[in-house]
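Single chain ahead, written as structure tokens, the form predicted on its own.
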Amino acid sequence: MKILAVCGLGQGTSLILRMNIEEVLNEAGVDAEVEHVDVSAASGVEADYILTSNELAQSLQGHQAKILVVNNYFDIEEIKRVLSQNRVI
């Protein structure tokens, strides 16, 4: 399974989101490849899931991955809830 953590520039906040996704996946015992990228690069990268903000999700419509919206990239509980509701974990 491949997951993309996406923010506008693909640097700070998507890196934090990636680290928090990895923490949730590790706690759940789920093995996945997680990358952080900017929204432009994300459109050309194959993935199973994309986690991003509501605003950026609009830019990724049409991507083959399932797009999951996270409002607060720093909120582990929200990330856990989103991944659980979408049966990623």
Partner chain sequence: MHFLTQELIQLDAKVNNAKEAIEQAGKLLLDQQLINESYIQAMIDSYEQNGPYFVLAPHIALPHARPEDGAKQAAVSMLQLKKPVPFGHPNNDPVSLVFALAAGSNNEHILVLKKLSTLLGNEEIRYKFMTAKNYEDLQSVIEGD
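Residue numbers count along the first chain shown, from 1. Just so we're clear, the structure is a prediction, and the values are computed from it rather than from any experiment.
What follows is about the form predicted in complex with its partner chain, which we do not show.
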item: Its partner chain contact at Leu56 in the predicted complex, heavy atom, 4.5 Å; value: yes
item: In the predicted complex, Ala5 touching its partner chain (heavy atom, 4.5 Å); value: no
item: In the predicted complex: members of 1-19 within 4.5 Å of its partner chain, any heavy atom; value: Cys7, Gly8, Leu9, Gln11, Gly12, Thr13, Leu15, Ile16, Met19
